[in-house]
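A lone chain, given as structure tokens: the form predicted alone.
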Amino acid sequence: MENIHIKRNHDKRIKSGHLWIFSNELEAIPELPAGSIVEIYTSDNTFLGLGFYNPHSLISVRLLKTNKEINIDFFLDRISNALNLRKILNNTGMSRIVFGESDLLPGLIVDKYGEYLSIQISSAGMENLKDVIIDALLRVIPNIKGIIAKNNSKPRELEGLTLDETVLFGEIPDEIITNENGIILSISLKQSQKTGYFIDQSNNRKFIISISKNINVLDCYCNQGGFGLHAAKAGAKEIICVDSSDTALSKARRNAELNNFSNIRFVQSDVADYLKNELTENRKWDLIILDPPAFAKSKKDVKTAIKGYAKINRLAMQLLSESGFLATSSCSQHISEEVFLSTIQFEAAKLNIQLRQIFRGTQSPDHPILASMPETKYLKFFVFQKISI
């Protein structure tokens, strides 16, 4: 097994628990196949553990925090530990049961929808061991009927991997019926974005129930209807769900039908255009929800992303009724909480609007945050009330 050394004075972050070693931190870049398992040492030969190596990626090494052989037993142990946490959280029906680095399995995501799994592999090392991972998953969760790989993420390209969506085990039905916070959901793993459903917003959706009774609600970037459905469950008077994707809206309609919600209307539109039109018509809303896709896919996108968040939040704030609520979110890992909050506050000040924060959310506990890796904390969610003066 090849030994790789970190440059002198470049190991402090790694010793504190970070799992990524970048190419400019290595003493040398050996010519090894992508995904090779290597031993990692400091410049003074202190052993740091095994890791996956990729000479073609900016993240040259993903540490595995082990000195044991990377085999079926390794994956059985790590996946079992991850699943046990979700059992403690009472979150094993529809849940993320493996969250990459946070479960010390860098480059592997596994979502569970009842008896079906959706996995995403974003590192060459995990790709090389895909068959072993599937074997381990089937041993740890023996009642699984189907596993699909949703390998459609940009990080795969950065690792030199191809994009694909493939059924790896059993069969995947066209529709899976599951449940979130007492709401029936129809999930299509074959046609969905990401790994099936945005489970990370589950706790934040639950909060929306507490403020939605007898009010009118505008759910922007509604996707499969998550937030709007929760407002309907709370007894909102009127709900309009807006999304640019006809596929997403068709799934949202199906979910509304399954729950017998008749107070939701669905509109296909660009969200910014819809908000501008509402402003022209001088429409007011008691609750506006903004849950856009990641505006910043990388650091180079940050400036453009901030402008995007500023725009939609500015438009939404102008549409709030007196004492209305703004629920606003960012899933861009490259946008910090401080930057996101300051962007909203700056736009509010320009409009002479006072906001008070009543809820601060993040990703659900089945998406745990590794304290030593800020990269694992990505979801920001805030609810503000407009103060009437």
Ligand SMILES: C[S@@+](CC[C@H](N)C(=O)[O-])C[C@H]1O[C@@H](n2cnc3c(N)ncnc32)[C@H](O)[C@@H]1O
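A quick note: this is a predicted structure, and the numbers were derived from the prediction, not measured. Note that residue numbering begins at 1 and tracks the sequence as displayed.
Another form exists, predicted in complex with this ligand; not displayed. Remarks below refer to it.
- Contact check for residue 86: no non-hydrogen atom falls within 4.5 Å of this ligand in the model of the complex.
- In the model of the complex, no heavy atom of residue 115 sits within 4.5 Å of this ligand.
- Taking the partner from elsewhere, residue 291 is found to have a heavy atom lying within 4.5 Å of this ligand in the model of the complex.
- This ligand in the model of the complex is not approached by residue 255, whose heavy atoms all lie more than 4.5 angstroms from it.
- Note on the partner interface in the model of the complex: the residue among 193, 178, 188, 128 having a heavy atom within 4.5 angstroms of this ligand is 193.
- For the residues 214, 152, 269, 80, the 4.5 Å heavy atom test against this ligand in the model of the complex is passed only by 269.
- The candidate stretches are 105 to 113, 214 to 222, 313 to 321, 141 to 149, and the one lying within 4.5 Å of this ligand in the model of the complex by heavy atoms is 214 to 222.
- Taken together, the three residues 205, 227 and 244 all lie with some non-hydrogen atom within 4.5 angstroms of this ligand in the model of the complex.
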